[in-house]
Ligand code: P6P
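As a starting point, one isolated chain is supplied in structure tokens, in the form predicted on its own.
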């Protein structure tokens, strides 16, 4: 019988055999994973733990915070600030960065996270999750500034997400492919359940909020119209629509069986380039998707090449099966005359 491979063993073997993961990065990933286990327990308790409902506050984007948003945020901060592997953290739920307190040693990494993605689904028992991204602090001899976090997504050294559904699943990349781990609650550890995960290049599923159709730009409408025409249309095949309204859940479906996820720019607020956050959502998810053989763009450029301008910058997101994303991107470039 094959011996199960724990997350710790997986990371240690990568560190030993390939030298791909420095020791401090390995420890950081393990600490984030332990924090996700704690968040998973809170999510599973639901109403029994008194964690449902609004916290009665708003985040920097003016969004109403749920109790679990704040709980998850504190769990990740408390777990990571004392270990010596981080210089600072940034979160979708915090106005600015959280530097490691002076009483603790400082490391060479920066951690960014969306502590609880899909907050609107918390109270209705639909899958939600945590997204995280790791960058390197390039100048360790000075105080950390917000500008240190404004690195394009291609500079990430680790990225992952944890989806809290019927199973708690951790998906991770350190730049050499994508691995998937499932939480074994009896053992209390994440166990490797998929390695070298690959996304099919083509798909017959798309994920988009159809209620916004009237606000879409022409390239997005063109793509979806073609999908909806089915076998009689230019695509020559029928498509199904899936939409969970939780990026973690929608992306996890794509990682598992292919598809395309779109949260594009639309005409409701033309000054905003998109809805999703570049640093906390788009960059880590795009890197995971690319490492699994997929593609991720804004419609006009690769997301991982977008130079961030501020901590809470938003961006248009189109990601998933490579051929489908390239088709939507081509429609955008044709519209722009490129």
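Since this is a predicted model, take the numbers as computed values, not measurements. Positions refer to the first chain, counted from 1.
This protein has a second form, the form predicted together with 6-O-phosphono-alpha-D-fructofuranose (P6P), left out of what is shown; the following refers to that one.
- When contacts are judged by a 4.5 Å heavy atom cut-off, residue 118 counts as touching 6-O-phosphono-alpha-D-fructofuranose (P6P) in the predicted complex.
- Put simply, residue 276 is close to 6-O-phosphono-alpha-D-fructofuranose (P6P) in the predicted complex: some heavy atom of it is within 4.5 Å.
- Taking the partner from the other structure, 6-O-phosphono-alpha-D-fructofuranose (P6P) in the predicted complex has no heavy atom within 4.5 Å of any heavy atom of residue 82.
- In the predicted complex, 6-O-phosphono-alpha-D-fructofuranose (P6P) sits within 4.5 Å of a heavy atom of residue 209.
- 263 is the sole member of 263, 109, 216, 223 with a non-hydrogen atom within 4.5 Å of 6-O-phosphono-alpha-D-fructofuranose (P6P) in the predicted complex.
- Proximity to 6-O-phosphono-alpha-D-fructofuranose (P6P) in the predicted complex, taken as a non-hydrogen atom within 4.5 angstroms, holds for one residue of 147, 155, 143, 245, which is 245.
- Comment: 110-118 is the region of 189-197, 110-118, 175-183, 156-164 lying near 6-O-phosphono-alpha-D-fructofuranose (P6P) in the predicted complex, near meaning a non-hydrogen atom within 4.5 Å.
- In this stretch, 154-188, not one residue has a heavy atom within 4.5 Å of 6-O-phosphono-alpha-D-fructofuranose (P6P) in the predicted complex; the partner itself is omitted from this view.
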